[in-house]
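For reference, the chain that follows is the form predicted on its own, supplied as C-alpha cells.
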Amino acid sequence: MATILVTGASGFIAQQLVLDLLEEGHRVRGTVRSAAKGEALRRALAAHTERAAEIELVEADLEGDSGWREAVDGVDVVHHLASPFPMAVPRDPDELIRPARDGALRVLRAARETGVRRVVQTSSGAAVAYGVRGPLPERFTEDDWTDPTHTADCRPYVASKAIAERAAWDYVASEGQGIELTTVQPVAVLGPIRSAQVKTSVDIVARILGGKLPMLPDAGLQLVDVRDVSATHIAAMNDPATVGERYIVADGFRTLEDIARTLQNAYPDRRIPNRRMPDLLVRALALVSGDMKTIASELGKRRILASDKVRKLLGRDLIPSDDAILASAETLLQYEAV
C-alpha cells in the first residue's frame, strides 16, 4: 500500500478521504495548522477507525513555507485539499485568494523538490461556473472556467478557487513539468460529518434543520455527497488516464425550499421553515449581511454542472442529493451540532 499525504486533514472532505484511504490499507500523513487541531482530529477519527493513532501529522500553513517539504517528503501521492473556506465574505478578496493560490503552489513546489510526481487537487465547481457574462448556459462542463475578473458574478471565495486551480495548471505546464496533476471540482458538498468540528461545511442543512432561517430565499445549490468526492480522489489517484484531467462531481440541483421539504418529511416534529422570502427583502438584507449578499446574487439562478465524466470514472451513479441532505442532518443531530 502507498503512503499518502492529505493536506488540510481536519477539513470536511479531508476527514472522509483519510478514513477511506485507511480503509483501503494505505499509510496516511496529514497536514494540520496546529498541534491542537491534530489532536482533535485524532480523537474525532478514533470514533470511526481503529487506525486513527497511525496517522502521521505535520504542522503546515498555507501562508508559510515551514513544514511543506517535510510533509511531502517520502510520500507516493499528494491529495491537496487545504484551502480557506470562511462563512463570511472578507472585505479584502486577497484574504482568500492569496492563501488558496500560494498554498497550492507551495504544495506543488514541495512535491517537485522531493520527487513526488502524483498530485490530486480539490478545486471546486466555483472554478467552473461563475464569472459569466450574459445568460447562464444550459450546463457547464470541465471545459468551462470561471472568469474571476467579472466580479459581478464572482465572489471572493469563487475567485480564490478559480485562481488557485489556474495557478496549479500553469505551474505544472512550466517549471513544474513532470508533476502528474488531476483536479476535482465538487459543487456544494453535503453528506455525513465525521466530527462536530466540520459542522460549518454543512451549514445550510444546520440552519434549516435548526429553524434559523424563518423564510427561504428563491435560491438553490447543486449538491454532491462527500463520500463521492472522496471516491473521486481515490479513483483519480489509481487511474493513470486521469492525469491532466478535471472532474466535476455533482448530483442534483436543490432549491432551499427543496432541502427544507426533504428535512421536514424526515423530521416532522421539528420547526422547519416553509415560507418563501420575497426577493425584495433578500436584497434589502444583503445591504447589511454578507451571507444574504451571497444569496441575493443567486436569486432565481440555476447553475447546472455536468457530471458525465466522473460517473464514467467511478463506474456508477452518484449518491442522490436527498440522501446527502439526510446524512448531514442525521450526523448533525448525532453530534448535537444543531
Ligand code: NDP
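Start at 1 with the first residue shown and count on from there. Just so we're clear, the structure is a prediction, and the values are computed from it rather than from any experiment.
Below, we refer to the form predicted together with the named molecule, which is not included among the displayed structures.
Visitor: Pick from 47 to 55, 307 to 315, 30 to 38, 286 to 294: which stretch has a heavy atom within 4.5 Å of the named molecule in the model of the complex?
Guide: After filtering at 4.5 Å, what remains is 30 to 38.
Visitor: Any of the heavy atoms of Ala167 lying within 4.5 Å of the named molecule in the model of the complex?
Guide: Contact with the named molecule, no.
Visitor: Taking the shortest heavy atom distance, is Thr242 within 4.5 Å of the named molecule in the model of the complex?
Guide: Heavy-atom contact with the named molecule at 4.5 Å: absent for Thr242.
Visitor: Answer for Val205 alone: is it within 4.5 Å of the named molecule in the model of the complex, judged on heavy atom distances?
Guide: Contact check for Val205: no, nothing within 4.5 Å of the named molecule in the model of the complex.
Visitor: Ser321 near the named molecule in the model of the complex, any heavy atom under 4.5 Å?
Guide: Output for Ser321 is no: heavy atoms all beyond 4.5 Å of the named molecule.
Visitor: May I ask whether Asp61, Ser123 and Lys161 all come within 4.5 angstroms of the named molecule in the model of the complex, judged by heavy atoms?
Guide: So, yes: the whole triplet contacts the named molecule.
Visitor: I need to confirm a contact call. Of Leu263, Leu256, Leu81, Val75, which residue comes within 4.5 Å of the named molecule in the model of the complex, counting heavy atoms only?
Guide: Answer to the contact question: Leu81.
Visitor: Note which of Trp145, Phe85, Tyr267, Tyr171 lies within 4.5 Å of the named molecule in the model of the complex, where distance is taken over heavy atoms; exactly one does.
Guide: That would be Phe85.
Visitor: Which residues in 195 to 224 have a heavy atom within 4.5 Å of the named molecule in the model of the complex?
Guide: Contacts from 195 to 224: just Ser201.
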